[in-house]
Structures are given as C-alpha cells and as structure tokens.
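There is one chain below, alone, in structure tokens, taken in the form predicted alone.
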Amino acid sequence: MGRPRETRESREAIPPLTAGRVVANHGREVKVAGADGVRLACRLHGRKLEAVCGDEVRYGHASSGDVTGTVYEILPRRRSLSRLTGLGRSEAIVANLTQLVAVAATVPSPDWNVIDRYLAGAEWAGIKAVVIFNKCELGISDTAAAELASYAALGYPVVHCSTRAAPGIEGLVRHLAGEVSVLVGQSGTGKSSLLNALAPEAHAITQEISAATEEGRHTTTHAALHVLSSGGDLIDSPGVRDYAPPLPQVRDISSGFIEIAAAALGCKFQDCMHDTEPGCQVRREVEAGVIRRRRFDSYRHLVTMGREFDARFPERRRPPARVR
C-alpha cells in the first residue's frame, strides 16, 4: 500500500513510517508497539483517522525531536469485533483478533442465550470461539453441565477454570497460546480476575490509561493489548467485556448457529427462515431432538430482534434482487 496522500488538514511532508500495532487506545491518543516491542505514545493524524486496539498501523515522528509519534495510516483489518451503535450501525471495537472467549460462571446464573449470541458473533466474524466456565470451585448445576456438554458436542472447546482453586486456569492458558483473544461475558463472571491472573501487569496498565483519560483527553474509552508470558495476546476493553454483537441481515442470522446452518441445507427452500415454511429440515431436527430447542429459540429471538432493527433502521435492509 502506498504512502497516504496529503489532505487539507496537513501540508507538511510525511516522515518515514514504521509498521506497528495499536496496543492501547484512549480516543485520539494511542500507544503503538513496534517490531521490537517498544511502545510509543502516538496521536492520530487528521480528524477522519480512527483506530482501535489491535489495528496494524504505519507511524512516525512528525518532526525531529518529537517524543510523541503520529499514526498516519491504518492498514486493512483482517477481522474485527464490532458492536451496534444507537443509530443501528456496526462499529469496530477490536481489530485483527483470532479468538473470542465467552465466559460463564456458577455465579451469576448463566444466561445461555447471551452465550449463544457471543458464539454466533464469533461465527459471523469468522473467528474461533471457546466457552469458559469460571468459578467452578462453587460447583456446577445439572442444567449448566448439560448446556456445556451441548456446546462441546457442537465442536466448541469448553474449559472449566477457577482463579481460587483447582483446576486453576491452565486449560484457559493453553487455548490462548498463539491467539489474539478477547474475554466476553455477563458482569460478575470473573473476567477481571481471569485477566489479572493471566496478565498481572494489566491492573497497572489500566490505571495508567485511566489516568491519561482524566488528563484532558476527553474520552472515557480505553483498551489495552496484553502480551501473555505463556503465549498469545489478550485484548481488554470495556467496550468488549459486555458487548452485544451486531446482527447481520435477517436471512444470514442462522449462519451463527452451526447446527442450524448445517440442517438448513436440507430445507425445501433455500431462503427458508425455519418458521412456517413447508419442508423445513431445521424444524424436523428440532422436533426430533437433534437440535436443542433452547438453541433454536435463541435463533428465533435474534431473528425477531433483526426484524425489529430493520423496521427501525431501513438502511439495514438488503436491496431487492433485480428481476431479469
């Protein structure tokens, strides 16, 4: 990719640029790590440039002796995790990750529909997903055990862990190695405790970023990427911890449920929504108990939500196909 073109906002010569990755983000101020791992505080060049944690960028020093760098270019994102804005649009919050870690726990009682939506979000984003059951030293109910077994049967790795007792977090550590991951889950499931156990420096980095946001940077958003000593990277962001993945087009929602997407290949109609259409293989498998009814209900709930979004935000709707 060529050097960025000059704009009205800046006519100065662009300095030699270096490739790096955004490892902390608090609005218009970011920290970028170069190939040597050294982190440099940087500004974003121009009003239109927006960066999120995990972005690969090109940066340099705007002038000789400038201790602060400037990010001039955001490289194309391979994958991103997004959330839905109040205007119904999709907004990237983390870039270039490879794995979503959905955290449930004994306490609070798991909302399995929320876990379903996280896993669907990972499928829509094209990234891996792992289900973590935390605080397992408190025991596990028969319902939770059955739900976790159903995720494992679908092919999702399921890991039991605890930061207080056996079995510890070793199973989680193994799944994080070699990946760029984020932890998501309901409030109170122990995501912060897991982060602090995985990256003991995380609390200090969060305090540093929070202090920066209070020094006139006009933002309360911050995110940080932690390089784990055991291998892999873990991104922590308030926008990720409790995020709700944006929904794709209604007809594409089933692609987030791997067992429904597989069964849909046997439906009579290609555009079957698995509602009242004749010849629906998905409904047949639900009735036969092959597909869990609770998972099917999660899918139907998201379809209803998607239709409500379409009604509120007509621009979401896909234009009708041309008739030839």
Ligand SMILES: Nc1nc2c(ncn2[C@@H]2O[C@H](COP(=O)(O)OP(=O)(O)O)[C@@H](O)[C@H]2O)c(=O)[nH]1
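Start at 1 with the first residue shown and count on from there. For clarity, every value in this text was computed on a predicted model and none was experimentally measured.
Keep in mind that the form predicted in complex with the ligand is not shown, yet the notes after this line are about it.
Stretch-level contact analysis of 183-191, 115-123, 143-151, 90-98 against the ligand in the model of the complex, using heavy atoms and a 4.5 Å limit, identifies 183-191. Between the ligand and the residues 254, 237, 82, 162, the one pair within 4.5 Å by heavy atoms in the model of the complex involves 162. The ligand is not drawn, but in the model of the complex it has no heavy atom within 4.5 Å of residue 73. Heavy atoms of residue 137 reach within 4.5 Å of the ligand in the model of the complex, making it an interface residue.
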